[in-house]
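Presented as structure tokens, the chain that follows is alone, the form predicted on its own.
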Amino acid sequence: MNSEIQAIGLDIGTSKVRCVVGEPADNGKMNVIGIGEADSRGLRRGIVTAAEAVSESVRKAVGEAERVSGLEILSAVVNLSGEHFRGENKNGVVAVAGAGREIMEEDVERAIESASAMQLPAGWEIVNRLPQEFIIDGQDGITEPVGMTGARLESLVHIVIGPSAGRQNLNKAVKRAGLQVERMMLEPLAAAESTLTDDDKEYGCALVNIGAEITSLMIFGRGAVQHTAVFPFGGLHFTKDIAVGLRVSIQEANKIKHRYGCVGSFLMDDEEKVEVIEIMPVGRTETRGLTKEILCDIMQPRAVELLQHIAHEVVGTQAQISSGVILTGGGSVARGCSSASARGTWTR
């Protein structure tokens, strides 16, 4: 397989593992020529808990993608997520050492390294270094300093840190499945690349990626990442609430959520509210009915709680999000989720 033509993405989530094969199209976009999906096993809140189970899920997803695309997949870009990731804004300063005070790539790298010189908790590592802007002799807002002239170069960098074991165990699980890891990419960054425009990043927005068990928040402004946070809740919490509230199995609760779920009662008219759903409680041999309004009453409080957590985090950063909030991830497709966020302090 020619890696310069095909691009392979492997999304290892708590609920599903997906492999996507793409190739460039004539219009500058990408054609998806293969996709594979498998139920995820061996992960909890984005962290590997059983490496062989993860490897088996990866094999199934990759095998399906190979059959659809007709290609042999040897390596992939893998998503990196976890509930313990956090971001910090740091700055570093260096003297320009180049001839004629012209800033070189080496100067930029030294400035970023200076900003990255931070004390880490035991067992933690820097996952990503995301430059925000550079300041040359007091002049700020510079994004491409190479080739400019100055004596003092300052870098403002967003540093994402996390436990090193999480990345290492995921890397081993993928290799055990017979794949090489081309590189690992932070999941919220990957979501941003696929959903945000340059204007969104420039004027300010909050990207909320709602997965099965974790939700990530990444705030952009002035064209760069300004804040990162991860919360230990997601779409699976809706499923568990339904299972407990209706006394049904997790599998049945998941089906009910996808078929009939709504987190905003304001979206349903009076006729829909009294519409009856047939469910099969655990330990019973006959179905019983409940109205869609009751199901909404179970799901809506969890949606409000989730969105309030995100809202408090956004407000606490005092960030300007002129482009609003963008919801991504499987948990965001619940009916009324985007409407619920828009009815609060957020808009798209």
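Numbers for residues come from their place in the sequence shown, where the first is 1. Since the structure is predicted, the reported quantities are computational estimates derived from the model, not experimental observations.
If you look for the form predicted together with a small molecule, you will not find it shown, but the lines that follow are about it.
- Partner proximity in the predicted complex, defined as non-hydrogen atoms within 4.5 angstroms of the small molecule, places exactly one of 269-277, 94-102, 205-213, 143-151 at the interface: 205-213.
- In terms of contact with the small molecule in the predicted complex, the residue from Leu236, Leu80, Ile161, Val225 that brings a heavy atom within 4.5 Å is Leu236.
- For the chain shown alone, Gly330 is a contact residue for the small molecule in the predicted complex, at least one non-hydrogen atom being within 4.5 angstroms.
- Not displayed here, the small molecule is approached by Lys257 to within 4.5 Å at the level of heavy atoms in the predicted complex.
- Of the heavy atoms in Ala334, some are within 4.5 Å of the small molecule in the predicted complex.
- Taking non-hydrogen atoms only, Ser338 never approaches the small molecule to within 4.5 angstroms in the predicted complex.
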